[in-house]
Every structure is written in C-alpha cells, then in structure tokens.
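A single chain, nothing else alongside it, follows as structure tokens in the form predicted on its own.
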C-alpha cells in the first residue's frame, strides 16, 4: 500500500469519524423513496427485512397494490412481527372508478393514522401513499401533522413516483430512483419476483 493512499485514507477516516461523533440524536426517521425508476417499494421492503432482522415490530399499508398478491406480501404477511394491510384495488387506470379509489384511500388513511399513534410499531411502510396526494384522494395537512406527532422512535417509509412539497419539507432521508431504462420498454413482460 502506497504512503499516498495511506495518508488519503487516514484523512478520510478522520472526516468520517468526526461526522459519526456529531450524530448523537436517536429517533425514528421519515424516509421518502421517489422517482420514476424501479426499486422504490423494493428498497422499502429490503429495509423492512433489515428491521425485522433486528427484532423490530413493523407494519405495512399498501395504498394501491391489491389486484394481485405481491411477493413481499407472500413473504411477510404471516410474519409475527408484521401487521400487513392491503388497502388498494389496483392503479387508477385499472379500476377506472375514482370514487372507489377515494374511498379505499380514506380507509387506508384510517388504518395508517392509528399505526402512526402506536408506539409499539418501530417501522411503518406506506407503500405508494404518495399517489394519494398527486390524485387528490387525501388532503396532505392531516398526514403531515400525524407524521410530525408520531412516536419519537418510529421510522416511516413512504414510496411513490412523486412527493408533494409538504412531505419533502419534513423528510429526513430522501432518495430519488432514476429510470435509465426498463425491460418492459424492450418488450419484456412483467414478471413475478421482479415487478410484483
């Protein structure tokens, strides 16, 4: 190992160690996973698996999926540390019933609101919730208030292509998944285990 490399790594380690030393707050975080690329829900459920590995109690509310049983549902729904709520009827272009979609969103929010008050839930995944604001199925104000008043150590993950400014303003970790290409546009059929 060259001396130059060793010096660069020592400087880098000092910077990282200083950042770690300054990060002393312990609390749950609001994670927003957005963008038009594939992998938002996959990231959320990967994080859920990580939390379960640490013995945490988790809950999931799926706001849109519901037409078919997803792989994540099949894997996690019977897990003793997971509460799983499939509340949607599919995407709007599939249901073609706006009133039914609004009613499903309201029911999903009623479940979510209770979970946001439950201090036994360490992690809450709100899968595809962001669409509820894009389509104006739910008002954003009560959601922001509930997120801000949730139990201190509860982490919440919200997924969806777009995020309204009100959520971006209170998010702790915000990741944008970019679409640089997708097999579907190449004529490859959606597949179990990849898309759902």
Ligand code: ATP
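It should be emphasised that the depicted structure is a prediction, and the values quoted were computed from it without experimental measurement. Positions refer to the first chain, counted from 1.
The form predicted together with adenosine-5'-triphosphate is left out here; the points below concern that form.
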(request) Give a yes/no on whether residue 194 approaches adenosine-5'-triphosphate to within 4.5 Å in the predicted bound form, heavy atoms considered. (result) yes
(request) Would you please decide whether residue 148 lies within 4.5 angstroms of adenosine-5'-triphosphate in the predicted bound form, comparing each non-hydrogen atom pair? (result) no
(message) in the predicted bound form, does residue 185 come within 4.5 Å of adenosine-5'-triphosphate, counting heavy atoms only?
(response) yes
(request) Evaluate residue 36 for contact with adenosine-5'-triphosphate in the predicted bound form, applying a 4.5 angstroms cut-off between non-hydrogen atoms, and reply yes or no. (result) yes
(message) At 4.5 Å between heavy atoms, only one of the stretches 165 to 173, 38 to 46, 54 to 62, 137 to 145 reaches adenosine-5'-triphosphate in the predicted bound form; which one is it?
(response) 38 to 46
(request) Select from 127 to 148 the residues with a non-hydrogen atom within 4.5 Å of adenosine-5'-triphosphate in the predicted bound form and write them out in sequence order. (result) 128, 131
